[in-house]
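Let's start with one chain on its own, the form predicted alone, as structure tokens.
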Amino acid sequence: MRILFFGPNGSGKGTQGAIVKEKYKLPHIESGAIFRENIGKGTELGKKAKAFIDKGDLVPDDITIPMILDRLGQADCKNGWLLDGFPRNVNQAKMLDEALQKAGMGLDIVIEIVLDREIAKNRIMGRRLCVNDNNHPNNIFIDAIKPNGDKCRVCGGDLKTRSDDQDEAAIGKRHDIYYDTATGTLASAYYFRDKAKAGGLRYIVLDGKPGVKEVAAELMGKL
């Protein structure tokens, strides 16, 4: 099963992806993690990507696409995967679609989490990352997943913040790109939505406003 996830930063798509990963035993391929891995290893692509990420900008296609395709071609993705955080614009959507079709790995399901922009911004600024597992949900502004003081509510690990999570201007930039229905990330989601109307691909829409458990229940029901 090959699944593509869409949702604005702050929508909880990473958390929901972790739930799907556990349920269906799929590798959760998150574009940000791929960037961090390349940056951490000091690869040439990683160095180039870091310059854009630090400014809150999207990494260009000629850097992003080779990283993504390389990851999807690894052995653990042979029987399916869950891709989160890519594509982020309409051109990437078309290129990804063509590449997957050429490789005989056409998409099965596309999921879109819908969330109001202001709610998404508040959730980002309240997000705290566990040093042991970034997918452990901790947010100081969401009662259901408030951390235990400065410790992870799941494992007790230390928490940290991403500097760009506290930068309203950077958040605005990211959301400008995501909510752009002409050429941005929502446009890429709608590219697959239109394809789904022709059959052969399922497009699932989820309401991102409820809590993690409620959204997960809706997702599991639709899957």
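Counting begins at 1, following the sequence as shown. In this text, the rigid core denotes the largest set of C-alpha atoms whose superposition between the two forms falls within 1.5 Å. Here the structure is a predicted model, which means the values were calculated and not measured.
The same protein also exists as the form predicted together with adenosine monophosphate; that form is not shown, yet it is the one meant from here on.
- Adenosine monophosphate in the model of the complex is approached by residue 35, whose closest heavy atom lies within 4.5 angstroms of it.
- Contact between residue 154 and adenosine monophosphate in the model of the complex is not found at the 4.5 Å heavy atom cutoff.
- Of the heavy atoms in residue 168, none are within 4.5 Å of adenosine monophosphate in the model of the complex.
- None of the heavy atoms of residue 128 is located within 4.5 Å of adenosine monophosphate in the model of the complex.
- Heavy atoms within 4.5 Å of adenosine monophosphate in the model of the complex belong, among the stretches 117-125, 83-91, 145-153, 101-109, to residues of 83-91.
- Scanning 196, 45, 58, 187 against adenosine monophosphate in the model of the complex with a 4.5 Å heavy atom cut-off leaves one residue, 58.
- Comparing the forms between the shown form and the other one, the C-alpha position of residue 180 differs by less than 2 angstroms, with the core used for superposition.
- Remark: with the core as the superposition reference, the CA shift of residue 127 between the shown form and the other one reaches 2 Å or more.
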